[in-house]
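In structure tokens, the next block holds one chain alone, the form predicted on its own.
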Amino acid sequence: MSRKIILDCDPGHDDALAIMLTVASPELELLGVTTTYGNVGLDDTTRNALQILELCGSHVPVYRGASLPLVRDRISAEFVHGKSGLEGPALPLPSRGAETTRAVDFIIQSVLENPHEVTLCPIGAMTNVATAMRLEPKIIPLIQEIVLMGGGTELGNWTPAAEFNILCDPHAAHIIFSSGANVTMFGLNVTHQALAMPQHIAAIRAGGNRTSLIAAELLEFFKVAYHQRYGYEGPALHDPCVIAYLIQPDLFKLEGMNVTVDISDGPSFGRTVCDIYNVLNLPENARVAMKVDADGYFDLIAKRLATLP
């Protein structure tokens, strides 16, 4: 039986590949895509989600979500993803629009109608999921799992302490990690092991179909920003880790630990504080990905994308 998921995203190059991988995987039933601000503004991320779904031949509904964080001012990542959020290949404008239902209402309704069956996958700012929890707290024990991309056990990528997705809305991330929900975290410590090296991009391009070729072009654009910022030879493919885990969990090694989000003012604002060695003797509230079989990960992506239109 396929696993029901809601993909909450801010496309974004790596979000786009996460959408592609989801649509290409029969193990997953994508109930809907909810969009948020993040890499670029909400109008752009919503259009981008619709473009990628159309490229993949999918008619899954898209729901507009938050345009601003709960408390802090909005940040964005145009210099990484370009003005549109999906710079690189030319994509036609989508032939349909988003649904009229709000993302938060869709999340709440889906969980209430499918208790213990819906996995939420926030791979951008966490505002939509946190707001749903606040508006309808009774969904929290009914969520099967929250598998998120954000944070890290070590350093950040947007400040010395904080990873971008968490820093977009640390207060929302704090709500999720302190909610008691079943949380699985994919942070920079593991996603920076998943670099799309030239041979991985070549394997994706070799799929030969339009979706694989677009994916390869997206990665070619994405790698320039990563080389400029970090000196990496390939971009880190963060967000598809969440989807790959749901399809093939043995690609990853996870450890249970206590994770808190620093929401105090100061240089550690937005940091995920991961108690790897249990020095605080606090209950585990998350499973944290620590290692990935990078070659197996990219092999999965290349093979699945080759099955799309």
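Bear in mind that the values here come from a model prediction, so they are computed numbers and not experimental data. Each residue number is its position in the shown sequence, starting from 1.
Not on display, but discussed next: the form predicted in complex with a small molecule.
Colleague: Heavy atom within 4.5 Å of the small molecule in the predicted bound form: which of Ala130, Ile143, Ile204, Met149?
Modeller: Only one listed residue qualifies here, and that residue is Met149.
Colleague: Picking from 91-99, 161-169, 208-216, 130-138, which part of the chain touches the small molecule in the predicted bound form when contact means heavy atoms within 4.5 Å?
Modeller: Result of the contact check: 161-169.
Colleague: Under a 4.5 Å heavy atom criterion, is Ile108 part of the interface with the small molecule in the predicted bound form?
Modeller: No, Ile108 is distant from the partner.
Colleague: Is Asn157 close enough to the small molecule in the predicted bound form to count, meaning some heavy atom within 4.5 Å?
Modeller: Asn157: yes, in contact with the small molecule in the predicted bound form.
Colleague: Is it the case that Thr46, even though its partner is missing from this view, gets within 4.5 Å of the small molecule in the predicted bound form, heavy atoms only?
Modeller: Looking in the predicted bound form, residue contacts with the small molecule do not include Thr46, since no heavy atom lies within 4.5 Å.
Colleague: Using 4.5 Å between non-hydrogen atoms, is Leu188 touching the small molecule in the predicted bound form?
Modeller: Result yes; Leu188 sits at the interface with the small molecule in the predicted bound form.
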